[in-house]
Every structure is written in structure tokens, then in C-alpha cells.
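Encoded as C-alpha cells, the following chain is the form predicted alone, with no partner shown.
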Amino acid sequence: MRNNILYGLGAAVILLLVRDINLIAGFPQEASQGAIFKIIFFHVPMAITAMLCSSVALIASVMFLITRNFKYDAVAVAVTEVGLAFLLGNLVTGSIWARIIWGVWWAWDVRLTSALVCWLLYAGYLMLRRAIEEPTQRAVFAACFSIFAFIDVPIVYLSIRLFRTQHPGPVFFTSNGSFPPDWTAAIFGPLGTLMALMMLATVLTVIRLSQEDSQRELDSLRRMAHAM
């Protein structure tokens, strides 16, 4: 049953992405930036999806520390890995965009730097997990580190609002924004790229959760074999 749901969600993601890419290709070029501006239709949703994954990881980590239920630990590591992939996609698309508009692949701007620090923190979370073999200790340390890493998430979000940066200011849902309604719907609408990427993140997280469950069973069998 779960596999059928995953297949259905996966098919829906593919259809949505095909539909969105075709729709976005038909939009006119942005007046000042040209065709490269259309990268925003995936750049922004990737960032939002990554932040949502970080939020879920935060909640799961807190719940593990409260309950000591390893299912929350499994959710935390699964969603962190998925969120890390989406944040990497955000950084890569941002670098491509910067190369065309700014003439450089990278600028040590507050938004870019804080996003890179966020990626490094969550990558460190995964490295920490690999460095600790004892399951309970690993889960506790990882949960604490996940909570610490989340501190950078609101910094990334607020950076272009609190600081004057090279990165453009917010254009969505602000009095200064001037994004056409149909373009906004292509990202935030019920059939937009944000919904497609969130569905993709859900599918990947569920797949990663099943792998984590299998790994925990193998670890349990290995410990039993060593005890014998």
C-alpha cells in the first residue's frame, strides 16, 4: 500500500514538473535580467523546501529528546538528508544566477554566506552521526546538534530583510515586490513548483525512512550476533 502511494506521488511530481516547466518556458523574459531570471521558479522553492525540512528535523529532534523514541530520530536524519540536497540545489542555482547577473560564481554576501553556513552545519550533523556508533548516544548528540544548527535557518531567511546585501531584496508578499500574479502562481499556486518540490521531498523522505528502518534492523541483528 505504501509503495503504491509513493508511486502515485512520484508520478504526480513528474506531471507537475513537466507542466510547470512548460508553463514557465512560455513566460516572457524579465525586462532587466532576461531569461536567466526564470531560474527563480526553482531557486526559491528549493530554499523554502529546505527550510521546511529543517523545521521538521527540529521538531523531530526535540520530540526524540522528550520521548527517546527512535522513530523521531529516524525522521530527523531522513528529512535532514533530503533538506540538505534541496539546499545544495538552491546554492547551485543561485551560483549560476550570480554568474550571469553579477559576473562571479560566488559573492560573500550575507544571504549567500549564511546559506552556505547552514549547509555546512547540517552536513556536519550527518558527519557527527557517522562518528558515533552507540545508537542512543548518537541520537542524543545528533538531536542536540540539529537544534543548534536550526539557529542559522531564521538568519538565512531574515538576512535580506535585516542587512543591506548584494542579494536582491524580497519580491514576494511585500509592498516593494512587483512580481506578476501569474508568475507568483507558478511558484506558490496549488500546481506550482513549490508544491511539486514539497511532494518530491516527501517521497524522498519516506524512501529514506524505509532505508533507515532497515539499517536499524541490521544494527540490531549485528549487536545480537556480537553478544552471542
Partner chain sequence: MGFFRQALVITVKDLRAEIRTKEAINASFAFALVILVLFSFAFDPLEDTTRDISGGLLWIVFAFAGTLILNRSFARELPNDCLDALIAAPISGAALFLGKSVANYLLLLAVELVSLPVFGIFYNVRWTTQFWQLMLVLVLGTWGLTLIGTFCSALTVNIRLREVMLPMLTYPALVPVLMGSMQLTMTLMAGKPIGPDMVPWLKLLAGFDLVFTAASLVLVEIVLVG
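What you see is a predicted model; the values in this text were computed from it and never measured. Positions refer to the first chain, counted from 1.
What comes next is about the form predicted in complex with the partner chain, which does not appear here.
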property	result
In the predicted complex, residue 135 touching the partner chain (heavy atom, 4.5 Å)	no
Distance check, residue 65 to the partner chain in the predicted complex, heavy atom within 4.5 Å	yes
Touches the partner chain in the predicted complex: residue 106 (any heavy atom, 4.5 Å)	no
The partner chain contact in the predicted complex: residue 75, any heavy atom under 4.5 Å	no
Contact at 147, 151 and 160 by the partner chain in the predicted complex, all three, heavy atom at most 4.5 Å	yes
Pairwise C-alpha change, residue 114 versus residue 157, in the predicted complex against this form - closer or farther, 3 angstroms or more	closer
